[in-house]
Each structure stands twice: as C-alpha cells, then as structure tokens.
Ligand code: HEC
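Have a look below at one chain only, the form predicted on its own, in structure tokens format.
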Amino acid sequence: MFQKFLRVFIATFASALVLSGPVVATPAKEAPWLPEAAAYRLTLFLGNLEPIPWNDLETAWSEPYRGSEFPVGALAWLEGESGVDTDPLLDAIAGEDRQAVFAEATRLIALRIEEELGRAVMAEAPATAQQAVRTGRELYRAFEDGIAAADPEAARRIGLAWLELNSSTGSAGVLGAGGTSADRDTMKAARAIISGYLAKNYLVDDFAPRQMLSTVPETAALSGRTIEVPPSLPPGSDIFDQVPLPLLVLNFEEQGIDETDLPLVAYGDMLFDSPQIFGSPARDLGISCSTCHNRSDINQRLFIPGASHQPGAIDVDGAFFNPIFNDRRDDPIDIPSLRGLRFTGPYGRDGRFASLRDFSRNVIVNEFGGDEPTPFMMDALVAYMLEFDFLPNSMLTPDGQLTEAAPEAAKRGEAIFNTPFAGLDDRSCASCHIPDANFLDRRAHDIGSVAPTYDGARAGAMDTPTLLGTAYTAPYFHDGSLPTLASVVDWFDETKSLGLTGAERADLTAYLETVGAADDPYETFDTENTAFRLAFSELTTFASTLDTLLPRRDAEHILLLTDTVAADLAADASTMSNLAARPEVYALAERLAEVGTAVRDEDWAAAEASWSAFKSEADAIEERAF
C-alpha cells in the first residue's frame, strides 16, 4: 500500500511540471484515483450530461471505476477507511437532486481531506503521518484543476503547504539511526492553510447553483467571473490507441507512390490525426479522427463513461462533445471500420449520408463542435480517407471467391452463405453481402436488430456492413451487442428460423471468419522499427506539405499544420527507445514551431529558412529516430 501511494504522490506532483503548449493527439496517462475521488470526478462528469444517467451516477459510488486498482467502490472503501457520513449523498442521489448531489459529494471529499489532515497531525509514527499526507494530497487532486484555473495564487500557496506538510512529518531513519521528529508547528501551520481554503470553498453550508458542475471554488463561483476549467475525462476513460496497432493499408502505397508526392493526401493525413479540427472539449483532450479509427480501423479499447456502454463504442451526439447537437438519447454505437471507405457508401451506421464529404463535415462541425472546415481541408481529408484499403487476404480472390488456401469448413460454409432461405424472404446472406461487391450492397435494411422507439417507427434500417476484415472488429451489429461471428450466425439462425444444424452453423461461421481474415492485420515492431519511428515518419510526411503551402503563403493551413505536428513530435519523443536522440527530436519540433512563429509574424523569409533547416535536420537524424 505504501509503495502504491508513493507512486501516486510522485506522479501527481510530476504532472505539475508538464509544459503547456498546443494540443497534441498523444494523450498522457494519468495517475490512478482513490475510490472516493474517482466517484466524485465521475459525479461531476455525469452530472453535466443531459439527461443525467442517474443509474450510472449511483454506480459511480457503489462500484469500482473501470480499470481501478481498488477492488471495491467508493462507498465500501469509505466504510472501511473513513468516518464521514455518506447518507446525505445517498439521499441526494435517490432524490435525483443534481444540486444536492454536487453539494454533498463536494463536502464529502473536503471532509475526507480534513480527516486525513487530522490523522497526519495526530500521528505518532512518521510513516503513519506520511501515508495520511499522501492520501490527503491525492484526495485534494479532485479539486486541484478548479483551484488552479480560478485562483492560481491559492493553488501555489496550497501546493507549498502540502510540500511543507510532507517534509515536516519526521523520519524513522534507517535501522533506528538518523531518525527525526515531526515538526508539529510546521505541520499545523501548513494544515491551517489547506483547511482554511477548504472551509471557505468546499465545506460551505449552501453552494451557489451551478449550471455547469465543476471543481471551481465557491468564492470564485460567487464572484460571477467566467472561469474556464480545462476539460477532462472522468476516471475509467481510455482514449489510447489499440494494442496491437492495426495495419494501415493505403492504395497509393501499394502502388509504390510516396505520400510526400501527394501533398493533398498528406495534408488530409495530418488532419485525420489532428485534434485542432474539432471544438472543445475534444480538441483540448487530444481527440482526433484517429482516436476512434486507429490506422483506419477501430479502436476497440476506447471508452468514456457516460458516452460508451462498452469499449469500442461511443455516443457522438450526446451532451459532452457538442451540447447543441445533443439528441437526448443514450444510443452509443459501435465504432465502424473505415477500411475500403471509397467502396462502402452510403455513410453512417444507418446510411444517412450519401456523400463522404457531407458525412465528414457533420463529424467535425456537429458531432465534435469544430469550426466550419475550409474547402481545402475537406478536399484533403476526403482525398486521404479515399485511399484506405481493405486488408490483403490470400484466402479470398478480389471478386470474393475462396481460394485453395481456405479451410474445408469455410468452403462448405460458402455454399450455405449463397443458399436462399424462406426466413430471409427467399434471399441468401450473399443477397446483401454481395461477394463480388466487397460483401455489401450499399443499401440499408431493417433486420430486426434495432428495437422500435415507438409504434410504427421505421428507424430500424442499418447500412449493410462489409464482411472484409471483420475477424478483427468484434463485437458486431451497430450497438456491439454480439461478441463473436459465431453469435451473429446463431442470431440469424434463431431470429430468421433458418433451421441450420450445429455443423452448418460451424461451417457458416468458418466462412465468415475466413472472409474476415487478413494475412497481416497488425503493425509489427522490433527494437529499431518502433512505434516512434512510425510516428516520426508520419509526422515528417505531414510537414512535407509545407513545400506546397509556403510558396502559396497559405498562413491558415500552415499554422494548423505546424501547431499540430510540432506539438505531436515533441510529445511522441518521450516514447523513444533511443534516449540519446531525444534532444535532437525536441529541437526538431522547436524548428517546426519556428516556422509557425515566423508565419504569424508574416516573416516569410524566416519561415522558409526554418523549414529548410527542419528538412536538413530531419534527414540527419532519421536513422536515430527510434
């Protein structure tokens, strides 16, 4: 336990050292949360959704948050660790009183901090005092971002108080030697600073009504000032890339064409990886197109409480990303693969967009609240996405026929796949998933997988998905309700009364698994062919579009590029295996930032000079960039 809290304590203080800068598409992992602090942060997040998912909010306190290091939820944890009364909070949740829930949850965390401060000051043993300080400091983290945004001077003062408190607890020494006594006066003085601020701001009798629930201190909320607390995702969120990373297959690369010779495509590639095209909070959190669609495929680990019902799914028209686009329905969908996108229109799970351009603009502006993209941006993004290809599969011909490499069970299943069934209105599986048309028919069908929302509703039709590459895109159906391809076969057999035997189900499943297979579905890395080398190659390719943009004096699109790529290059450098080359990569990122600075100053000669230097330096360190 001591070592775990030590790691958390160090990670929390280290986070304060992170330099501010442009938003990056490389999110940073955060330290674990204590159960009650996690439940509080989840309460704020869920309490800002419309409508509030009260069942999820109750669960936030009764069960461990997703990925928690603790085996119990906040209520059980508090029962064993604390004397704070949780009944007022539970009553507020039961009454579905948003303001009361905020007030009681806020007071609970403040009381818990006070409880740990009291333990630290009263402790006889230094180790006991130090653990109480660490626990209290980690609980204070639940309020920290609001205090830093609203009252930076207080945040600095309280931060120093925590350091003084920790350093004055004394030490037991080593084997009884070198021990020091606690400095009680310093401890009490430091505690008074923290407790005084909590009393004024988080232990008040009545909190001002909050339109937006946040950790902003009460005195700041009463001031009427506009205070922007940086957006954050609640504990249990996961927006990191899928592991293993899906292989990206691009049509032009398969033809031997270098992306640096395709500036429109390269710029679109950059936009696909750039949070800058979205509005807040997606932009500020580092969420980009590639966050959900890793390497054109699916990020099966993506999860945001309140927006995801399971990993790999998200509700993009809820209250979080763009409140004005909130449809007030809890309807997360399974993230679709974008492989072979030029063949798979119409777009959207229900096929509501005939145009990829219209679909993409809707994602940027409506779903994620971004500014209206320029025509050039839309041209570039669409040009890039139209290059996504399906994964090569040696068991399948280009016209969808099995090759000799396919297993015998799959060949038997192919016959079933092409057999008409009365339960399918005398059609076969192949009637919709047409083999020589990439296993789709570009139509929407209501197969009964969507429950009608009202009597006579006709909103159950879903776009026919391709079967190519589906061996790696579980779960299945628009809502991810079926975990395996075998369960898909079972669902059709049972709901459509196909009358398949157990052996026939197995053969049909084998066929689907074969059609959905690939020779190399994932990126392969080794000691030098690392994930950073892949990122370095991509980022320098993105930057190559400056050869086109600088002569055109296209400041708007240059700055979007430099802000995105320079920040990402610096962030990704921290993942390098070759530690000796890190300073060179940081310097390279700064060189690209200099291009942006010069463009902002309209000093085009300096911009050209910095760009020339960037290219020379990138070439010089390419072999060491791993």
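This one's a predicted model, so the numbers in the text were calculated from it and none came from an experiment. Residue numbers here begin at 1 and follow the sequence given.
Missing here is the form predicted in complex with ligand HEC; even so, the following discussion is about that form.
The closest heavy atom approach of Phe240 to ligand HEC in the predicted complex falls outside 4.5 Å. Among heavy atoms of Ile298, none comes within 4.5 Å of ligand HEC in the predicted complex. Contact annotation for Arg427: at least one heavy atom lies within 4.5 Å of ligand HEC in the predicted complex.
With a 4.5 Å cutoff on heavy atoms, Asp507 does not count as touching ligand HEC in the predicted complex; it lies far away. The partner is absent here, but in the predicted complex a heavy atom of Phe417, alone among Phe417, Phe252, Trp77, Phe102, sits within 4.5 Å of ligand HEC. With the partner omitted here, the residue from Leu396, Leu467, Met187, Ala266 that has a non-hydrogen atom within 4.5 angstroms of ligand HEC in the predicted complex is Leu467. Taken together, the three residues Ile335, Leu356 and Ser449 all lie with some non-hydrogen atom within 4.5 angstroms of ligand HEC in the predicted complex. Remark: of stretches 258-266, 160-168, 362-370, 112-120, the one touching ligand HEC in the predicted complex is 362-370 (heavy atom within 4.5 Å). If you take 480-512 and check each residue for a heavy atom within 4.5 Å of ligand HEC in the predicted complex, you get Leu485, Val488, Phe492, Leu498, Leu508, Leu512, in sequence order.
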